[in-house]
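Take a look at this single chain, the form predicted on its own, given in structure tokens.
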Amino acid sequence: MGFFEYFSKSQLEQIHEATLTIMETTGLVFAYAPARDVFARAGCKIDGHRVFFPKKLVEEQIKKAPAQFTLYARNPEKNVVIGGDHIAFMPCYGAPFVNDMDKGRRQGTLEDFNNFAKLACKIPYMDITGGMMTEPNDIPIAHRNAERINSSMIFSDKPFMGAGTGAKDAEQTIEMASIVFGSREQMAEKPPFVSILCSLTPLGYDDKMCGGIMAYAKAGMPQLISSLTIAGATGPVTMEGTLVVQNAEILAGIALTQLVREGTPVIFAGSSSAAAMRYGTLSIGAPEMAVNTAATAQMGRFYNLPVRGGGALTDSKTVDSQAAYESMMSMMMATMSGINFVLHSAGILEGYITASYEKFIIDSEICGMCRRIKRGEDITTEKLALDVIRQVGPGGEYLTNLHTFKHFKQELYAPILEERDNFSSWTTKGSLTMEQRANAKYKELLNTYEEPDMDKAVRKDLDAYMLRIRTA
């Protein structure tokens, strides 16, 4: 499938050169002294907490990261390739609240997190599970990372998201994963998880994110180096200027990973958007979010790196028409522009604040549709169907033709939720809205969920680890 391109090649080069100029002359703040030490040894100028990057150094380091890598699942059939022409969907991340039609909006719990892990495992369009799908507010803060990682590995046999909350949680994630997936050396060869580490925009990194970046890089673990610059608030109001700030932050983080361990897999992760100027808040349902997604996809290809962007994103507070059109706009742009890793692919409401059960199901349908579009077409004699067209001729029908029976399951997308029946049948079944059907569907999936098999000895060791954490 060809990619939609927002900028020309010469415009990308302009953005790249502007980015390197900012990195060299303005610099970025790194609050973490060990990170500044790494940069100093590499030849960067250091002034207090500010690091100034020579252009040659930046270009050399980004070339060391792989253009493509694989995440290895507990079930090998569910391994995920990141990069190239591949797209991977991963559900909601970072939401402190959850919402459903039965209980309304409330604080997330460990049960909610577990439910989302089970749904992500069971829905075929979700490639990666785990991460902070919702905050388990009923668990002590000191235990939350371990509980999330434990649930991600037990309730799903897909790759998962590791902690993005600092060096301590990064080390714990690596330690827990090694119980299931083998030694650090084995995981460096076949990484089972990916984590997201974010800049402190504009033009900075705090000590927690730097510590996490360095801990994962030392272990050779893949990570999204992510920037969320807000046009008109934490970045210039122009999308080009915001892209330069985003670019500088991501490239600085990638340079750090490669200086710590050359060849560490990274994902060029842009999630910038615009401020809602009337309110001074971030808008993730704005068309500028889609613009940035397209531009980020191009910049990732410019650097020959896997790229993250988009998602089923909305500013809506409920599952309504606004949530639908904003989410599809963002997901379609990610699909058409060549994004490889789509975080927030299912469930997000209210600008990242809330994870919705019903929207999780509806967005999964969007993912399935987008994956069908992304698949593209392979023109063959069989698909051109000239003999079939001649056979049926003018005024005929193809519904009962053998060619249709042979190919329809592979050619046509079969929705898990969408209502395509006639009006009379829809009325007979209760005239259910999409939201009502999604409510019933998520409950059906949870009621029929079966936990994936795990080696008994491994599960015993993991349970023993969690017992130590819970009773500490």
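Every value quoted in this text rests on a predicted model; they were computed, and no experiment measured them. Start at 1 and count along the sequence shown; that's the residue number.
There is another form of this protein, the form predicted together with a further copy of the same chain, and it is not shown here; the text below is about that form.
**Item:** Per-stretch contact check against a further copy of the same chain in the model of the complex, the hit in 378-386, 76-84, 116-124, 170-178 (non-hydrogen atom, 4.5 angstroms)
**Value:** Of the stretches listed, the one contacting the partner is 378-386.
**Heavy atom within 4.5 Å of a further copy of the same chain in the model of the complex - residue from 260, 188, 139, 336** = After the contact test, the surviving option is 336.
**Item:** The unique member of 154, 332, 219, 228 whose heavy atoms fall within 4.5 Å of a further copy of the same chain in the model of the complex
**Value:** Among 154, 332, 219, 228, a heavy atom within 4.5 Å of a further copy of the same chain in the model of the complex occurs only for 332.
**Request:** Decide whether residue 429 counts as a contact residue for a further copy of the same chain in the model of the complex under a heavy atom distance cut-off of 4.5 Å.
**Result:** Contact check for residue 429: yes, within 4.5 Å of a further copy of the same chain in the model of the complex.
**Item:** Contact flag, residue 396 vs a further copy of the same chain in the model of the complex, heavy atom cut 4.5 Å
**Value:** Although a further copy of the same chain is absent here, residue 396 would touch it in the model of the complex, with heavy atoms inside 4.5 Å.
**Message:** My question is simply whether residue 420 lines the interface with a further copy of the same chain in the model of the complex - judged by any non-hydrogen atom within 4.5 Å.
**Reply:** Although a further copy of the same chain is absent here, residue 420 would touch it in the model of the complex, with heavy atoms inside 4.5 Å.
**Asked** Do residue 448 and a further copy of the same chain share at least one heavy atom pair within 4.5 Å in the model of the complex?
**Response** No, residue 448 is distant from the partner.
**Message:** Pick out the residues of 294-333 whose heavy atoms come within 4.5 Å of a further copy of the same chain in the model of the complex.
**Reply:** If the 4.5 Å heavy-atom criterion is applied to a further copy of the same chain in the model of the complex, 294-333 yields 315, 316, 317, 318, 319, 320, 321, 322, 324, 325, 326, 328, 329, 332, 333.
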